[in-house]
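The chain below stands alone and is given as structure tokens, in the form predicted alone.
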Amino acid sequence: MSSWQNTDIVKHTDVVIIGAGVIGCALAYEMAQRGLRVRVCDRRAPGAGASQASAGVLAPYIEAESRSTLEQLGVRSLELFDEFLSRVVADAQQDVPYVRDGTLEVATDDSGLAGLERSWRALQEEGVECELLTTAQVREVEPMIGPLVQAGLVVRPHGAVSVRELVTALVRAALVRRAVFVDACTVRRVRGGRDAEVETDQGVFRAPTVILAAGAWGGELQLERVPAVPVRPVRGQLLALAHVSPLPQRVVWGRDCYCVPWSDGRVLVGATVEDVGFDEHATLGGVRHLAAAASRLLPGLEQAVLENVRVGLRPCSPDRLPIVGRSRRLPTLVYATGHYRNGVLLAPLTAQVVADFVSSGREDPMLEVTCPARLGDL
């Protein structure tokens, strides 16, 4: 039996969650906290898919276009992070490295400078605390920056969270609330009825609600009378560097990479965007691209130790928005997938909205823009 599992496994439960990435684990915690009996099924250990290759950057004002739906969702979720994480840490009795000291985005040419100026003006109009820096000011706030920098933009609400520790804490906190995690469990198909039946290689689990949070693999799952969910895998490679001294002061974002420092002397460098199907291999080209970009951005990283290369497959929807909400064709099925590059950032909001919907029927406005029906007869 996995070390993640409780021992009181039963065949019938209130909710079955398919997928134990950061989204699935956050859902398990929120719903177990509401008193629901929850089982999480995954063919891997929790967090072993796309989540383990995430740098944990919390930066909605960089990841999304100004005033876009994605930006609005990201900002809402970022506002939940402090309270969400404090609950998880308290229940798990485990610290999770987490900072909200802003991001520094830099420009190295005229085009980049124009882009930073546009972003700065847009953020000022939105009332976001930010500062446009000259070359000299960038070097003052970040002495490690490379020689090509022309300007910088500090966005103060941004931050980062250590994803591996976050997933571990979510699992422990959910276990405290009596959730059950079943890893090494392959889901074969989902059938409908008053209670859904989730057929796995470890038996059939029944529940009034099944949540599809299987990330890039969601489209491979057999769903009775429902087309495959339209998500595709997009590979991201990430470098984990160790023994970095001195450390960058905060997350530094350049044109070709971003660097996330942690107090233990590590820096995460991400991330490639590769449309290569379900290929999870690290490649020489990916490592070379990230290493060169990181060295240009922060030349001091040349002396860092390459600890490992992490690879994850992000679940990308056709419009790059999450797919969250009830299935029209299979009422017992709820989707929570398609978060692409923003699964960690959007985990608190997704978990809260879906848990409220499942436990009390409350329909948050988020569900209007993330509804599966926008992408077909799901």
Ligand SMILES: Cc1cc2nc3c(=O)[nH]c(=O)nc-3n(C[C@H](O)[C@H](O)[C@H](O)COP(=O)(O)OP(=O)(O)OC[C@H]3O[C@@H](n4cnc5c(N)ncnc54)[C@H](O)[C@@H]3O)c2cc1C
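The numbering used is simple: start at 1 and walk along the sequence shown. A quick note: this is a predicted structure, and the numbers were derived from the prediction, not measured.
Note that the form predicted together with the named molecule isn't included here; everything after this is about it.
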{"query": "Contact flag, Tyr340 vs the named molecule in the model of the complex, heavy atom cut 4.5 Å", "finding": "yes"}
{"query": "Close approach of Ser51 to the named molecule in the model of the complex, 4.5 Å, heavy atom", "finding": "yes"}
{"query": "Residue contact check: Gln202 to the named molecule in the model of the complex, 4.5 Å heavy atom", "finding": "no"}
{"query": "Proximity of Gly74 to the named molecule in the model of the complex, heavy atoms at 4.5 Å", "finding": "no"}
{"query": "The unique member of Val344, Val324, Leu333, Met31 whose heavy atoms fall within 4.5 Å of the named molecule in the model of the complex", "finding": "Val344"}
{"query": "Contact residue in the model of the complex, from Gln124, Gln249, Thr186, Thr283 (heavy atom within 4.5 Å of the named molecule)", "finding": "Thr186"}
{"query": "The named molecule in the model of the complex: contacting segment from 324-332, 348-356, 65-73, 42-50, heavy atom within 4.5 Å", "finding": "42-50"}
{"query": "Interface residues of 194-230 toward the named molecule, as seen in the model of the complex [heavy atoms, 4.5 Å]", "finding": "Ala213, Ala214, Gly215, Trp217, Leu221"}
